[in-house]
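Next up is one chain by itself, shown in structure tokens, the form predicted alone.
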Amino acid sequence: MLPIGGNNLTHIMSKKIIRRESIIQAAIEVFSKKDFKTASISEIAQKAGIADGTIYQYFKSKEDLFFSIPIEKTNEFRSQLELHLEGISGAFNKIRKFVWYFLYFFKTNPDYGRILMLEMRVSKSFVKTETYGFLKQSVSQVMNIITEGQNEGVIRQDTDIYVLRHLILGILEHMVSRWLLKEEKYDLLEHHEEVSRILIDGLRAIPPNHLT
């Protein structure tokens, strides 16, 4: 049986988690409409319905808050992706699901997409941050799928695995960036089956009798 203070502590921790999430969401909305330099802590605080100083109880600075966004959203992406891949067998089936989910995630999170794809990814300073390293680790699932496919003998082994990863992510990131630049005027998921087919054709192992 928990002591009386235990319930209070749990309540306080839950409240802090909710407050942090509301700050992150407010920051996404503000940063997606303004660039990093012009967006202010005051605007974010106002959007979150809190005092300016409250933000500094959770984040050291505006930059710390800005670069915390991908970490929070990537954790969400990874946990949901694992759920979507559960029960799916075969590397190619997993690639199809990954393509669909990647595009679905950004379709339903366009504000975050603008921050990540149109601002952070083209920033030289972003590459030097710990967040960038975290994002690279976040795509480890792609590497796992490729490795699984190579072990199955269905994905080619004559090409560097990182090139294969770039092939998958490069196409998907380009699609998301173009969709955002076009102001989301069409369905990002419209061609996901064709994209999967083209990717799988490019990744497919070449039978020995077809080698020259």
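Here the rigid core means the biggest group of C-alpha atoms that line up within 1.5 Å when the two forms are laid on top of each other. What you see is a predicted model, and the numbers here were worked out from it, not measured in a lab. All residue numbers are counted from 1 along the displayed sequence.
The next section is about a form of this same protein that is not shown, the form predicted in complex with the DNA.
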- Query: Pick from 171-179, 155-163, 139-147, 57-65: which stretch has a heavy atom within 4.5 Å of the DNA in the predicted complex?
  - Reply: 57-65
- Using a 4.5 Å heavy atom cut-off, state whether S40 contacts the DNA in the predicted complex. yes
- So in the predicted complex, does any heavy atom of I50 sit within 4.5 Å of the DNA? yes
- Query: Within a 4.5 Å heavy atom cut-off, is R204 in contact with the DNA in the predicted complex?
  - Reply: no
- So in the predicted complex, does any heavy atom of R19 sit within 4.5 Å of the DNA? yes
- Message: Core superposed first: is there a CA shift of 2 Å or greater at L172 between this form and the one not shown?
- Response: no
- Message: Does E43 move appreciably between this form and the one not shown, meaning a CA displacement of 2 Å or more on the superposed rigid core?
- Response: yes
- Message: My question is whether R19 is one of the residues whose C-alpha shifts by 2 Å or more between this form and the one not shown, given a fit on the rigid core.
- Response: yes
